[in-house]
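Shown below, as structure tokens, is a lone chain in the form predicted alone; questions about how it binds or moves come after it.
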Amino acid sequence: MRALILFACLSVGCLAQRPKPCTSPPLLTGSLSVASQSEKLMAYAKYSYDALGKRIRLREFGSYNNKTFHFDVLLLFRERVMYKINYKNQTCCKKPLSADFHPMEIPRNASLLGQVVVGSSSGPGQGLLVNSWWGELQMKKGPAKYMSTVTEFGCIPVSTLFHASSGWMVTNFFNNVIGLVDPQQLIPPRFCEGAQLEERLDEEPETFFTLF
């Protein structure tokens, strides 16, 4: 009986522990949506994320300044190279990548906003336990504030609000799968082998992965 009571007390103690900053799984595949405060940018993307090899693939489509776009890019941070891929024309642009790789994580100096259940806590399987954090990051263009929500179990990204000089940018994650569903997505296609590195980069993709 005493052992049972002790076990119950330990269980309650574990459940009552304060959430701590965490790092998402190093290999993830899923989808995300991005929207800016100015409503200039609204996009949907499928992503493959490899924190071990510092590689990210984004296949994105949406609208910017009321103009639709399709964007397929492979970011190789170790090589500091970005490939813009066009499967329809079998062409590939190889450009320098100056952005630093930032793993999907909650920084250690983040402050906990709270722990909530997304959905309902009335019955099993009706809700998702998540933790919301906020903080400030020092970016190249100055300080930026963020609010990020991840799952309590697994540290899977749910959403992020990022505020910089250009205003708020909201990213929502869904259909996340731990691991790489198709590892080939993180390897340049064969028709990219002859691509020459351009001297300068016109613009880099503004996404959750390059901002946070």
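None of these values were measured; they are calculated from a predicted model. So that there is no doubt, residue numbering starts at 1 and follows the sequence shown.
Beyond the structure shown, there is the form predicted in complex with a further copy of the same chain, which is absent from this document and is the topic of what follows.
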**Report entry** in the model of the complex, L137 touching a further copy of the same chain (heavy atom, 4.5 Å)
**Finding:** no
Query raised in the report: Quick one: does I156 come within 4.5 Å of a further copy of the same chain in the model of the complex, counting heavy atoms only?
Result: yes
Report task. Considering only heavy atoms, tell me if C93 and a further copy of the same chain come within 4.5 Å of each other in the model of the complex. Result -> no
Report task. May I ask you to check whether F61 falls inside a 4.5 Å heavy atom distance of a further copy of the same chain in the model of the complex? Result -> no
**Report entry** Region of this chain that lies against a further copy of the same chain in the model of the complex, out of 69-77, 100-108, 82-90, 121-129 [heavy atom, 4.5 Å]
**Finding:** 121-129
Query raised in the report: Ok, V177, A51, L41, A144: which has a heavy atom sitting within 4.5 Å of a further copy of the same chain in the model of the complex?
Result: V177
